[in-house]
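Okay, so here's just one chain, in structure tokens, the form predicted on its own.
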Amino acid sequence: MLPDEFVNSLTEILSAEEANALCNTIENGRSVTSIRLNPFKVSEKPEGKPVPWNRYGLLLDERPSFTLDPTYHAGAYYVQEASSMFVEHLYRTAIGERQGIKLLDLCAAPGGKSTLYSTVVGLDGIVVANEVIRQRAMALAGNVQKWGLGNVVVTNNDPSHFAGFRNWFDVIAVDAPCSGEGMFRKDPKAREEWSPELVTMCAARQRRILADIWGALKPGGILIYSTCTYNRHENEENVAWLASEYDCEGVEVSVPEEWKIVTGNISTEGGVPIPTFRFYPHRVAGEGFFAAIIRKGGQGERACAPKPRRSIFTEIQKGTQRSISSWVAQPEYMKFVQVAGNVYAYYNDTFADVKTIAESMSVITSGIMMGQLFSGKLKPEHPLALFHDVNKNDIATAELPLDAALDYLRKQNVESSYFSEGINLVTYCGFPIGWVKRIGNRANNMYPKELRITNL
């Protein structure tokens, strides 16, 4: 049963006919399952109904058991709500193919948009994926490692902590914590937790977040603001407040009519109205979603970052560097360093930016954690297996059938005859899923205990 106050509030944004259609869809409609492919791992897009506003999105006819699909654990795709994939269209409209982008994904857990942004910024860009709640930040880090691009820094900070990064980010994405009205169909618990007081509290918190991070955005930079709720207080009113408080304007975005997205505009003193986009599940194959795209005014202001609080990176000797680099297909693009005894790989182009962030913020993970050195040799860790550029040609590789792959993911014993002596990269359908070390007739399953699947 939908809350009466919520149903009444829909008259502020919809006609009576549309409000009835939305409520009926929330109450009786079937949620749509969608995935977004990882183009750095999947070379050919499988057949299926595409998500119109995302190059790599697919709508599924039914929800399969993702847990029992090894390619899911390999990071070949991410299960993401279709409406929220629209942020790629906003990014590509505003940024295009510009290189070297620094993007802050401020409210990033569990990682759907972070992995999307890490794809669109490319390997010469960097995504700082922040989550204020540590437990959620750890889950975010796991999904980022599974995606395996190596261009993400996962941080665990309050938004106000980014105040020291003045005019530093090219793009800031704020998928703001909200009252969750857009999830009413998918998550009945969201209905129980909803109240008008929650809406008011969320709207105030969202304004605080926007105020905290506005200074970190470069003049001319892009802010992508989004929520998964319907009411105007958390959406248009907050965008209008931002436009009244700061120098900003909109970005012209083309949206085909057949997408059935409801568009709007909020006027600004800068001249170009700020476009808004609403997704209603009775119109689109997705859940409720709101987004706006804003360009910051001003120009020529110098970027600055906080002074480092500590030094955490240790150089690796050249002889050992050569040994480490053999684990990566294109080591010429990478820098290998040690952090707290572990070897990490970073892209040369962005290492300086990673260093700036890591030495001044609370970081959960960054780059690719490769493993530990023992007598100059690397003992690989799980994130290296999921790195899109792991060297499959010079490492012993063991392709497993489905049953054996699921046994491996359950961290059970797998027949040693599949593996060569020593370290093996375990694959399923060509996708790496982890490591095994064979010693004689014993195969040591190196899959992380905390990741093992329990479905029997």
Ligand code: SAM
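Here the structure is a predicted model, which means the values were calculated and not measured. So that there is no doubt, residue numbering starts at 1 and follows the sequence shown.
Keep in mind the form predicted together with the ligand is missing from the figure; the text below concerns it.
- With the partner removed from view, the residue among R191, R205, R166, R283 that has a non-hydrogen atom within 4.5 Å of the ligand in the predicted bound form turns out to be R205.
- This chain appears without its partner; in the predicted bound form, the one residue of K186, K218, R232, R136 with a heavy atom within 4.5 Å of the ligand is R136.
- For the three marked residues, A108, K113 and V132, a heavy atom of each sits within 4.5 Å of the ligand in the predicted bound form.
- When contacts are judged by a 4.5 Å heavy atom cut-off, E287 does not count as touching the ligand in the predicted bound form.
- Put simply, G148 is far from the ligand in the predicted bound form: not one heavy atom of it is within 4.5 Å.
- Contact annotation for A243: none of its heavy atoms lies within 4.5 Å of the ligand in the predicted bound form.
- For the chain shown alone, G264 is not a contact residue for the ligand in the predicted bound form, no non-hydrogen atom being within 4.5 angstroms.
- The stretch in contact with the ligand in the predicted bound form, judged by heavy atoms within 4.5 Å, is 170-178, chosen from 233-241, 170-178, 361-369, 310-318.
- The partner is not shown here, but in the predicted bound form the stretch 144-167 reaches within 4.5 angstroms of the ligand through a heavy atom at P159 alone.
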